[in-house]
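Shown here is one chain on its own, the form predicted on its own, set out as structure tokens.
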């Protein structure tokens, strides 16, 4: 059997007297789309914060490619190949598409010894990342605030590709999007899957999970209560799984 890309063992998180996570175990295989589901308060947000390096676990171990890791910050997680795209996307709305793709890793060129942004090269490479997602934006210089929700997701994913992230965590990526934009985001996830990227999809939308996920992990009150392949499960069956944790 192939070793898991990411393994969680006994992950716990407490905020004072509140136990948000209680000994969570699961593996993530390379190239899969793993859905992380559960009602509000199930522990999904706390787990994403641990995976992304925003918060340390109170207990437990996390292994990346078999090596135990403990991230001190989101930047450290990103350098190790884990990129997190939150619902609010953390884009800079007034900056251009290309500048957002290269946010924090801008390309420069020297003119008379003075470093200047290499906007042309950034635009060319940003266009290439978007093309990998089958997204065409004719103007790389337009501010992101002019884009649709689906297009903004594509820009955020392109930034993850720029960092060559092997694991991309997407937190409620279709929340507040219309039908057309939701379909566009689901297609972006399929493209990432086809490229061999590993996606951890946090979602309340069971139709989305049924459409793109390969496996689902369900949390309830801070514990893992179910884990199974998504193939053959309808959105209604997934909703029942989340509600009951697999109990009859």
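Residue numbers count along the first chain shown, from 1. Because the structure is predicted, anything quoted here is derived from the model rather than measured.
What follows is about the form predicted in complex with a small molecule, which we do not show.
Peer 1: Of 35 to 43, 58 to 66, 191 to 199, 205 to 213, which is the one stretch near the small molecule in the model of the complex, taking non-hydrogen atoms within 4.5 angstroms as near?
Peer 2: That would be stretch 35 to 43.
Peer 1: Wondering, does residue 239 line up within 4.5 Å of the small molecule in the model of the complex on heavy atoms?
Peer 2: Although the small molecule is absent here, residue 239 would stay clear of it in the model of the complex, with no heavy atoms inside 4.5 Å.
Peer 1: Is there a heavy atom of residue 230 no more than 4.5 Å from a heavy atom of the small molecule in the model of the complex?
Peer 2: Judged by the heavy-atom cut-off of 4.5 Å, residue 230 is well away from the small molecule in the model of the complex.
Peer 1: At the 4.5 Å heavy atom threshold, is residue 226 in contact with the small molecule in the model of the complex?
Peer 2: Judged by the heavy-atom cut-off of 4.5 Å, residue 226 is well away from the small molecule in the model of the complex.
Peer 1: Quick one: does residue 24 come within 4.5 Å of the small molecule in the model of the complex, counting heavy atoms only?
Peer 2: It does not: once the small molecule is placed as it appears in the model of the complex, residue 24 has no heavy atom within 4.5 Å of it.
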